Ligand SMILES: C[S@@+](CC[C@H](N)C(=O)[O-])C[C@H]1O[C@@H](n2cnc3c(N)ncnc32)[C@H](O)[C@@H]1O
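Take a look at this single chain in structure tokens; it is the form predicted alone.
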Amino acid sequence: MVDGADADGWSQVAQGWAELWGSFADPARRAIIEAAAIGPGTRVLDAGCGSGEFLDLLAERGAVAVGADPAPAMVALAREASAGTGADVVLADIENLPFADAAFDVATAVNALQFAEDTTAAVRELARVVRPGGIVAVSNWAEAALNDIDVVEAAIAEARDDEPYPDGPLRPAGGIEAALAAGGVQVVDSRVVDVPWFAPDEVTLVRGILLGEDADVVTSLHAVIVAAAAPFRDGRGGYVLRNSFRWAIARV
């Protein structure tokens, strides 16, 4: 799967991401909506909006939603998906947001903050565009021990004679909270939420795990992935990988 903050790489996989992973983080997004009391008229920026799924959830709540993403193809998909909601989507990265100070009531970053070159600067930028008393909300993958997908990723690393990727600083308990505090905002709530990922068959499983890899890599790792994911078969030919996201909200 695409790794890191390469906007061109994310653009290349945008369509596949939207199809296979776009709604995956919805449980975390809904948790943030509730915790931040987002409702009719709430001005919300979703930084790192990807293909725009959060914008649709926000529109359902009557929020005035704006998305920002550094990948042009993601912005195009988000604009298309949210065309009927009135949500605006701009091309911008999380550390350089083209909005005035205090322009929003809430700023969110779901599965996005970890891609910032400087997470403290990114949190400060999110806080800058939120009014005093408003909310900055961040969510991302929890530590490997809470994610079935990391079992599969570890098998891939072993097959390639690589070391598994270590947990980044935002993934363990307290990681998001520390990043928010370093950015000068006051954490008021944090939780863990289940975010299962479903694949209806092994072809979709492998495609989703190796999104962005070329055909030779997909072929060479197909059996490795299917074997590693065997414990997660759902009895109907598909797979359910049970994963977790951590989220935290902070007051500006």
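In this text, all values refer to a predicted model and were calculated from it rather than measured experimentally. Numbering starts at 1 and follows the sequence shown.
Only in words, not in the display: the form predicted together with this ligand, which the text now covers.
For the three residues A71, M74 and E95, a heavy atom within 4.5 Å of this ligand turns up in the predicted complex in every case. Screening A179, A116, I149, A127 for any heavy atom within 4.5 Å of this ligand in the predicted complex leaves a single hit, A116.
L170 falls outside the set of residues with a heavy atom inside 4.5 Å of this ligand in the predicted complex.
In the predicted complex, no heavy atom of G208 sits within 4.5 Å of this ligand. Among heavy atoms of C49, some come within 4.5 Å of this ligand in the predicted complex. Using a 4.5 angstroms threshold between heavy atoms, A112 counts as touching this ligand in the predicted complex. Of the stretches 63-71, 37-45, 212-220, 192-200, only 63-71 has residues with a heavy atom within 4.5 Å of this ligand in the predicted complex.
Residues of 120-156 that come within 4.5 Å of this ligand in the predicted complex, judged by any heavy atom, do not exist; none qualify.
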